[in-house]
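One chain is shown next in structure tokens, namely the form predicted alone.
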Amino acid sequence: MSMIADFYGGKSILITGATGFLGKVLMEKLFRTSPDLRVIYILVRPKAGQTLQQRVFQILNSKLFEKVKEVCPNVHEKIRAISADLNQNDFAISMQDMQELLSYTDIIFHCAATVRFDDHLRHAVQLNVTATQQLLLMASQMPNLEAFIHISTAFSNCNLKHIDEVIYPCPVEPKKIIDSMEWLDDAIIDEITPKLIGDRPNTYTYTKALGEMVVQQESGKLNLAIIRPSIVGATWQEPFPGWVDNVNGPTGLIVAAGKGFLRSIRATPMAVADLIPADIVVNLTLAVGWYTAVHRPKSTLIYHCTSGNLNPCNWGKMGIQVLATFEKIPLERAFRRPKADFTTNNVTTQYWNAVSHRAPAIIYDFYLRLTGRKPRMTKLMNRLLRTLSMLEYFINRSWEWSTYNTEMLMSKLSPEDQRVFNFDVRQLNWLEYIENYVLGVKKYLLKEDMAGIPEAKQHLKRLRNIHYLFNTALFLIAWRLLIARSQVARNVWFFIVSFCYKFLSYFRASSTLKV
């Protein structure tokens, strides 16, 4: 018997960010393991031309919830969608809905956040800081609330090399930042943003750190816990391997590489790729919810959900595994381009690669114009290169996260709970996981037909050869122009030709002597 699954039976649970990737996996696990829960409240932003019920139906009608419908046939009746907008005061929730939430909510899982690295500071503060503050105020008015679980990120303190399971203070108080965002204009905010975020790489990591401070300061008498996952990827085991439905993080890199948009990345091969499967994050989240509500720790505990310390996989190894998987599972759908070659962190290589990326895109767009179609490849390529530049900070560094609280919690679980809510990353086989990840991208995200794999392999092979020929021609043209303009380049060229001629002559003479 699972104590955790039994705990959530009969509970009314509020999930923010339930329409996002992690929120969906969290809902699925709750319904599948605790089908007798009372209700899950989800905050849904109104969308033009689509009712709240239609959005709920769209979520439940996905492949992710197939197993849930077998154990919980009335799952539609157990989801209560609340019209809400986290950008508005009190989330623009009606008085009737607010009263229902305040009266009946037992558990809160706060997953909502903006995860855009280049988001404007005002918007990032509103969603990651102010919304957290307002939700805590709501929680303080809930008489039945047993636990408030806040999902942060392991990179909230990425300016540090070693990160403990504690809340680190920011130089400026969150309340001052929130107040200033209300009256400063965008131009001034743009000017002060680099000074505020300091040695953090973007507004996302900075505002998530502020959000943690808000949780600490506004906790009051609430039972709180913070979970810090690292880079969240496709599911490992549940409800099935490789499920993913967005292009964030490593998924976008896999799609771009598989389509041939991405031929190399500027990464440090030995840097740890601290990837964590979504179902491991969800299992830890539900275990933390149970422990926080039942055992009521005296202080707010932080749980690191990372893989680097316990089961590391570096970017070089991951790149090789992704490419090896492409040999068996090529991604072929919208644009048919050659596959990627993962390279090391080299400035010359990166410069050449940028030219190599943009040149075919420009040529392809020229072809589209000639055929009367809208050019799009250059725009896509520029977006991809911009995304890569934002990811460079994370794929060229390694961090050390302590996991004392996470390991403590694991020891508190019964053998059955350790099986049903498994968050032991040491059991993860990276080779198998990456293969399932790529396969999941193909099946669940791109909706590709698996029957076309042999033909796709041949097509990709031909296009890869075309890509190599293009690069060779580009290199020879550039080298020829350099020789025409530089005496040094001509001397180097003649030396190489002379050396090759002498080597062939020596090889031929050696062969003759042996005969």
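In this text, the rigid core denotes the largest set of C-alpha atoms whose superposition between the two forms falls within 1.5 Å. Residue numbers here begin at 1 and follow the sequence given. Values in this document were obtained by computation on a predicted structure and should not be read as measured data.
Keep in mind that the form predicted together with a small molecule is missing from the display, and what follows is about it.
Quiz prompt | Full three-residue contact with the small molecule in the predicted bound form, heavy atom 4.5 Å, for Gly17, Cys111 and Ile231 | solution = Yes, the whole trio is in contact, each within 4.5 Å by some heavy atom.
Quiz item: In terms of non-hydrogen atoms within 4.5 angstroms, which of the given stretches 243-251, 172-180, 101-109, 406-414 touches the small molecule in the predicted bound form?
Solution: Only one stretch passes the 4.5 Å heavy-atom test: 243-251.
Quiz item: Pick from Tyr291, Tyr444, Trp236, Tyr204: which has a non-hydrogen atom within 4.5 Å of the small molecule in the predicted bound form?
Solution: It is Tyr204 that has a heavy atom within 4.5 Å of the partner.
Quiz prompt | Candidate from Ile149, Leu428, Leu86, Val272 lying within 4.5 Å of the small molecule in the predicted bound form - any heavy atom | solution = Contact residue from the list: Leu86.
Quiz item: Does the 4.5 Å heavy atom contact test between Arg45 and the small molecule in the predicted bound form come out positive?
Solution: Arg45 belongs to the contact set for the small molecule.
Quiz item: Applying a 4.5 Å heavy atom distance criterion, does Asn422 contact the small molecule in the predicted bound form?
Solution: Because no heavy atom of Asn422 falls inside 4.5 Å of the small molecule in the predicted bound form, the answer is no.
Quiz item: Just to confirm, Arg38 within 4.5 Å of the small molecule in the predicted bound form by heavy atoms?
Solution: No.
Exercise. Could you confirm whether Arg55 comes within 4.5 Å of the small molecule in the predicted bound form, counting heavy atoms only?
Key: Taking the distances in the predicted bound form, the answer for Arg55 is yes, it comes within 4.5 Å of the small molecule.
Quiz item: Can a Cα shift of no less than 2 Å be assigned to Thr51 between the shown form and the other one, given superposition on the rigid core?
Solution: It does, since the Thr51 C-alpha is displaced 2 Å or more between the shown form and the other one after the core fit.
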